[in-house]
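Encoded as structure tokens, the following chain is the form predicted on its own, with no partner shown.
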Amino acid sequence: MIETYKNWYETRHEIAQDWKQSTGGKVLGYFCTYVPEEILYAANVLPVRVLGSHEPQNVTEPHIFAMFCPLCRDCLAQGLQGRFDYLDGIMISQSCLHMRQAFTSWDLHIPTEFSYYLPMPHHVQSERAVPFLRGELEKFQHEVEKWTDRKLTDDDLQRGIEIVNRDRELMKSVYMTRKRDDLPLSGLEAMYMVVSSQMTDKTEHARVTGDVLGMLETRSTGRKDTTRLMILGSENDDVEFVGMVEELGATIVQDDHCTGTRYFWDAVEQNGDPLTQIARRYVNRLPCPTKDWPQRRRVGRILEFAREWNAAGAIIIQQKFCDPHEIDIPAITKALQDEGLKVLFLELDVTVPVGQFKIRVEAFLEMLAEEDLF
């Protein structure tokens, strides 16, 4: 059953096209986890996260600066190469400048029926953030209604909230099992689960995850004596990298990145005005670095994760040229080190092989192993 996640991830384009053909619904590609999927599910639109291919490319140079992060260039390349031709629309909720440029270039050069830029506030700690976003969500809802020729009621919005929340709650329950000494699933399996949830119908994803959760009660991966690590930082769906780390004798037991816990950890409260509650969730969710100011709220959550999941160390990754995380990393590194955790920092490029990092990861694990001897 767990292999289903890997299959979904590897065949995500075919699955989205099959969904579109079988349901007659629309498929929308999105570039940031601040996109309110609840409204899209209310309208029977399938949201599909636009992620890269982890392959070298040479088609984006006329459209986007080479010093922008490899992820945003890889995402744009997928569009220019026609791999997302089945999309009926695209959207972004304001995140970083680099990904916004990928969205803008896509919108200019790859025709779709619908495109939308959602002005998600950066200053989410302001008392005006929730009412501001609520107003923007109302505008977005109206545009979706015009696009789909369907009026959305509060009941529709509640249904969308319930669909997305159910999948979030099940994935969170799966993550809770990773606190056990006898780990029931690997970090790579957990990554496939979360990333595939951003590309498939959440009703079906939740059904499978409910079955997986029951199976995990008695499952063992035989990884009890491996080194327990966290992985933090920039967007990361690099299954090859995570697989390499775990082949060296470690297990990723927890994470903080936008293809992991920051995507699903916080749910929408289901009482009161639906748009207000959706806005409150996205304002108050575990933030990305572009929005984690003036107070760094992520640090406390990361330390909580490290304690509760009994991590011995952390690998902090930064996509090359990712300015928000580059500014954020020193504070998080210091906080982890003050907590007694060892930290390995790696600057990644999602379009190059991960083998170059193998020696550094091996040395890091050897250092942790030597400390355990004393």
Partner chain sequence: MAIAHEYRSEPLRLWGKAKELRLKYYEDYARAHERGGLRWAGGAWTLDALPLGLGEDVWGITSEPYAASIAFNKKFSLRCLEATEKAGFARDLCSYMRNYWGSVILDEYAFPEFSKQYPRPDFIFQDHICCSHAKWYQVVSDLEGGIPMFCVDVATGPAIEADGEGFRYVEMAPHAVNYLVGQCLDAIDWMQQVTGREYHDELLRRAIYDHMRSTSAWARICELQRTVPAPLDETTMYSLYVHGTLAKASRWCADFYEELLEEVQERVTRGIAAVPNEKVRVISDTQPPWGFLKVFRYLEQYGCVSIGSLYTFGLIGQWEIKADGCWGARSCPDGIEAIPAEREAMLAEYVKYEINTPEWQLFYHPRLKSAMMIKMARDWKLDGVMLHYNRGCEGLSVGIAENRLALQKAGFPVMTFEGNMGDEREFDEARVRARFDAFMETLGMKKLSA
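Positions refer to the first chain, counted from 1. Treat the numbers as computed from the prediction; the structure is a model and nothing was measured.
Separately, the form predicted in complex with its partner chain exists; it is not shown, and the next lines address it.
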- Item | Answer range among 206-214, 125-133, 272-280, 81-89 for contact with its partner chain, defined in the model of the complex as heavy atoms within 4.5 Å | 125-133
- N7, T227 and E246 each touching its partner chain in the model of the complex (heavy atom, 4.5 Å): no
- Query: Quick one: is D107 in contact with its partner chain in the model of the complex, heavy atoms, 4.5 Å cut-off?
  - Reply: yes
- Message: Test of understanding: in the model of the complex, would P56 fall inside 4.5 Å of its partner chain by heavy atoms?
- Response: no
- Message: Can you tell me if D328 lies within 4.5 angstroms of its partner chain in the model of the complex, counting non-hydrogen atoms only?
- Response: yes
- Hey, in the model of the complex, does W309 get a heavy atom within 4.5 angstroms of its partner chain? no
- in the model of the complex, which of the listed residues (N284, T112, Q101, T221) lies with a heavy atom within 4.5 Å of its partner chain? Q101
- Note on the structure: With the partner omitted here, the residue among C96, L170, V194, C258 that in the model of the complex has a heavy atom within 4.5 Å of its partner chain is C96
- Item | Partner contacts for 278-296, taking its partner chain in the model of the complex and a 4.5 Å heavy atom cut-off | P289, T290, D292, W293, P294, Q295, R296
